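The chain below stands alone and is given as structure tokens, in the form predicted alone.
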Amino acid sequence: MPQQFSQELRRVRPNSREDAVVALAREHFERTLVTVGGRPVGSVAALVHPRLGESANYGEVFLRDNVPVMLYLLLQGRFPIVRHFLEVCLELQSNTYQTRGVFPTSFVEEGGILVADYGQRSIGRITSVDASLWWPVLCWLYVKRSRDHSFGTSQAVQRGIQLLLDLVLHPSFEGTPVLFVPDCAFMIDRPMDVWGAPLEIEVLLFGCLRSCCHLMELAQRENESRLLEQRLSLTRQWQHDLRSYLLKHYWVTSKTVQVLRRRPTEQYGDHQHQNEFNVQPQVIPPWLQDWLENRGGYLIGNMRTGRPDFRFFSLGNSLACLFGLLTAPQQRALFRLVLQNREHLMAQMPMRICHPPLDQEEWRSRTGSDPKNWPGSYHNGGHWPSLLWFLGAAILLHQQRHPNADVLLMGQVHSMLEECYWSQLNQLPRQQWAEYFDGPTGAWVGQQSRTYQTWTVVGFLLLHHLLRLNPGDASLLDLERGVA
């Protein structure tokens, strides 16, 4: 990137209309709320465009899209809406043989009847896995914030947890603790060669298991059960094994890559195995050395036999900080990596969902020539303003936990976050709160981007709340501590 642009990128000026922009965003948010059974239940995916009208299924309530919505409502103390949302999702949890335990990707009320989508109506007909993993996380955060312990220990919630655990902890022919999913099964909902054990799903699984443990501990405290204690012990062990696995096989630094390059291959047997997945040194991409520099680190996108995916996925890495999967030094290594690569990851519209984009032949073969995932667009290196608050919350939560750690680095990271916030505040109202942005720097509104996108609006409001109103509220997302 030219030096001139690099300097201009850092000269983001505050906007004197901050209060007006925030008020406008709040107005948009209130318009997104819809009712089920006559009571508010959550937000539609996007508002109807003033000129273009309704589009596809954007008028439905998506569990994934409502994650930031529910968190924002919790910060506002609007607990009844969050509880109603959780109850409706629980009511729609699948009981059919093939999908027993799965939560719906989305739902809508038609003629007084709830209609749910479990993947049978989606593009590609793929069941969304992340929706199911998010539900226990949202449930635990609601119980912790509202102190509604009776809901967390209720028979309906505890049964829903057990159904989900039966699904994700089901024995398989794989000996690893990760959850295997097909392509398109989470936020990356179009072909991007992310099948297997993609980072975002594995980190969400970790957060899901940790939240389930907290909810089961609450129930066990009120009514001791031998069966529940056994399930709790199994879930704790799975959570521990999953974290160890991810830190061993997904975490990379300049030092670990050096070790990876020099490991033996074609090893057979079960003793002194240094290269369990038979990864050849030739698969390590040449851009990785400059990307990591000396002190950066991150969790790679996937680990498959002989085929590690070294792409950087923003959401999975941000959640790994929030959920406490990464250690404090590893989190700072990640922040350092983002800081030193901000021209790629932040650019003009923070932040890029995936780096680097698949280009040319890789784009054709891995995405099926998907025109929406053209290099630098949508999930193939597109820029999503809704992702910035996840990283922002991770930075602020880290500063709360470790106020005296590497003060210089954290000061620089916080300054970067402030500049990114002003960049969004200046641009998003003009760009009609677009879903994603195209191009190498995110300068253009996405070619198929939906405007007045709910999680763009709410993501901005969450970041404003954490930066301006109450930075201490970043602790809402702290999954490490249970209820005292």
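Keep in mind the model is a prediction, meaning the values are calculated, not measured. Numbering starts at 1 and follows the sequence shown.
One more form of this protein exists, namely the form predicted together with alpha-D-glucopyranose; it is left out here, but the text below deals with it.
- Partner contacts here mean any heavy atom within 4.5 Å of alpha-D-glucopyranose in the predicted bound form, and among 343-351, 187-195, 290-298, 158-166 they occur only in 187-195.
- Interface membership of residue 455, defined by any non-hydrogen atom within 4.5 Å of alpha-D-glucopyranose in the predicted bound form, is confirmed.
- alpha-D-glucopyranose is not shown here, but in the predicted bound form it comes within 4.5 Å of a heavy atom of residue 435.
- Not displayed here, alpha-D-glucopyranose is kept clear of residue 144 by more than 4.5 Å at the level of heavy atoms in the predicted bound form.
- Contact between residue 28 and alpha-D-glucopyranose in the predicted bound form is not found at the 4.5 Å heavy atom cutoff.
- Among 417, 41, 70, 45, the residue placing a heavy atom within 4.5 Å of alpha-D-glucopyranose in the predicted bound form is 45.
- None of 250, 85, 390, 378 but one reaches within 4.5 angstroms of alpha-D-glucopyranose in the predicted bound form through a heavy atom, and that residue is 378.
- Contact annotation for 341-361: no residue has a non-hydrogen atom within 4.5 angstroms of alpha-D-glucopyranose in the predicted bound form.
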